[in-house]
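Below you will find one chain, with nothing else, as C-alpha cells; this is the form predicted alone, and questions on how it binds or moves follow later.
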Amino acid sequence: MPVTITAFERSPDGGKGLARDTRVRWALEEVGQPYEVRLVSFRAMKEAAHVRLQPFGQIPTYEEGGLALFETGAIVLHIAERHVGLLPFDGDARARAITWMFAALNSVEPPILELTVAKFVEGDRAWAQDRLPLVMERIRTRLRQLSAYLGECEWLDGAFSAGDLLMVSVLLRVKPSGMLDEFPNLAAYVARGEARPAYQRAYAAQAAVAAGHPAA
C-alpha cells in the first residue's frame, strides 16, 4: 500500500528543514520507499479528520493501508524496522541504535526546544533575559556530553542508523544559535548528515512546499 504522510501547508520554518515531517521524509528516502504527502493547514490540523490521526493536532502523521501512526520517533522506528538501511542486523547493535533514537528525542531535544520557547514565546516576559542563559547552559551541557561520546567517530555507533538520523535532525535545531560551532566534532557530524543524498532529497521536498511548488 502507498505511504502517505502529512506536512505543514505553510511550514513555520519557511522550508529550512526543521519541521518534523523532514525527519520522516529523510527516513523514507534512506530506505528507498516512495511516499505521498498531504499538506495540512493550521486550521485543518485542529479539525476532527486530522485529530483522528493525530490526537494532539500536530504533524506529521503516517498512513499505510489500515495503519495510522503519529509521533515522529514512532514513525521513524516503524520505517526502520520494516525496511533495510536504518537499523543494524546484529541484535545488540540494533538495540543501541534504538537507544540513540530515544536519546535524541528525550535527552537532547527538550532543552533545545526550550530555547525556542524562551526566545519566541516568552521573550517579552520581564524575566526572559534572566532565564535565557540558564536554558543555553542546559543545551551546552548536553552538547558537551554528546561531543565527548562522539569523539572523532563518524557516527554514534558504527554505521549510520536511525539514531544518527534523529540526532542530526535534533542538532539542526540548535545550529542557528551558533552553539553547535562551539563543538567542531558535532558540527562536522551534522554536516555529514546534511550531505547524505537522502537528506538532500528530503530537504528539497520540504523546501519546495515552502516555495509554493511541491512535487506532484
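One-based numbering along the sequence shown. Keep in mind it's a predicted model, so treat the numbers as computed, not measured.
Keep in mind the form predicted together with a small molecule is missing from the figure; the text below concerns it.
In plain terms, the part of the chain that comes close to the small molecule in the predicted complex, with a heavy atom within 4.5 Å, is 65-73 out of 179-187, 152-160, 65-73, 31-39. Taking non-hydrogen atoms only, A19 approaches the small molecule to within 4.5 angstroms in the predicted complex. Contact annotation: D13 falls within 4.5 Å of the small molecule in the predicted complex, judged by heavy atom distances. Using a 4.5 angstroms limit between non-hydrogen atoms, A44 is distant from the small molecule in the predicted complex.
In the predicted complex, the small molecule sits within 4.5 Å of a heavy atom of Q58.
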